[in-house]
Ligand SMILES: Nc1ncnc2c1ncn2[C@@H]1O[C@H](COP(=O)(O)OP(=O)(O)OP(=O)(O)O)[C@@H](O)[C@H]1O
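One chain comes next, on its own, written as structure tokens: the form predicted on its own.
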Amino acid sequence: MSAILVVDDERGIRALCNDVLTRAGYEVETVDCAAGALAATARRRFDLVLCDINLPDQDGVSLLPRLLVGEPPPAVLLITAYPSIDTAVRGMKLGARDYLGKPFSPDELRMVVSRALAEDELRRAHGELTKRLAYGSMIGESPAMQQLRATIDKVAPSDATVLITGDSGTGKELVARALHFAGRRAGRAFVPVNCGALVGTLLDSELFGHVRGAFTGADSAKRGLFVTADGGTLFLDEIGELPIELQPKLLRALQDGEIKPVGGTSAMRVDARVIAATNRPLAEAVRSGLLREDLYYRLAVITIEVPPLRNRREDIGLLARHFAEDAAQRAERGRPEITDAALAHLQAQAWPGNVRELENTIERAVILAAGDVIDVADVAGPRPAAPSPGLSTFAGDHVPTLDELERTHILRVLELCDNQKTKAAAMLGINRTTLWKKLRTYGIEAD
């Protein structure tokens, strides 16, 4: 039975609501002022609150934030006389579900109340579904993962900017998606963008859009990803790679909710929650002048650290079995069995590439295993080759530069991984985008 609170200083309205809603099967409590409403909501949870705008001690709109508390919060319907319709609409923008204009009939009352409660039930069902979808890929029952999910549960309902930190391959985008789908924006777009994949004007245009003729090749106007994410979530991965010249524009978007397209003369308002991620210590970027300090504090309103795999080794078995089933399904093979010895070997590894590296290892094992049993030999991977001379010794008087050493090391890892970029990135402890940038820098793509 749904519980309803009626807040109105007119005895006749209270009596009408109580009679009609009680006959409809609801549990009803009535009060005549804002103070009474706050006392009632402190005692118990209500599914719906009918609140008059004109109360003797406080107007209903300013009371709204104190009524919309709890998890989930009640649906709030405002009761208003005709001259206050504009105020009621303002209240709806602040979270009220609907309004009833005085005088109203019993049929109108029943219809508005039943519709609001039905919408709430659908929202809760949708919320549970999206939360299951959001957490579906966040596998693990270790204390570290339980704490991570508890933090997401607390943070997801808010619109606060979140900075997700953690080593490469730990699943920072999964956390960002969980924050989106477990929150009130779940029905709107989740828009990811890698700040390290584009540079200069391209990234500026990608984020903020551009007007026609803004630069060479801008034959038509383009809306940016901030506009695409309006009402939803914009996920800025590798935020530490954001060029210094774009940081003031991002800061303004975070502070004022306004963006200006490249080449544009006027700003436009957007409502996108921003979640950023980094595998670099941003405090060092601030000290070195690569990141504005005011932007850092705007991004890190809430910081969530994703634990590395080495800190939750008890989850490795669950993850390995999950990845094995997924890989077998893609390869159209039978469900594989991982031996205890193979699991022990996996749990003993350092996993510098974290969950991504483990997934790549299991996928390789599923493909290369002789049957449906995965043993130690299948997950041990290729043996490291002898060190390249360029990495350990110097030829004659030549001392290799750091760039030469890095280029040689990347070539060696690519060779070990049969030129598979995803596996090489995981072994190097960097993400795929960073690897591609290094390949272009060192001219390895053409090799």
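Not measured: the values here are computed from a predicted model. The numbering used is simple: start at 1 and walk along the sequence shown.
The discussion below concerns the form predicted together with the ligand, not included here.
By the criterion of a heavy atom within 4.5 Å, G91 is excluded from the residues contacting the ligand in the predicted bound form.
Under a 4.5 angstroms non-hydrogen atom cutoff, the ligand in the predicted bound form has K172 among its neighbouring residues. The ligand in the predicted bound form comes within 4.5 Å of no heavy atom belonging to K249. Looking at Y296, you'd find every heavy atom of it more than 4.5 angstroms from the ligand in the predicted bound form. Checking S205, Q349, S168, T161 for any heavy atom within 4.5 Å of the ligand in the predicted bound form turns up a single hit: S168. Screening R292, R185, R321, R356 for any heavy atom within 4.5 Å of the ligand in the predicted bound form leaves a single hit, R356. Comment: 139-147 is the region of 362-370, 259-267, 212-220, 139-147 lying near the ligand in the predicted bound form, near meaning a non-hydrogen atom within 4.5 Å. For the stretch 228-267, the set of residues having any non-hydrogen atom within 4.5 angstroms of the ligand in the predicted bound form comprises only D237.
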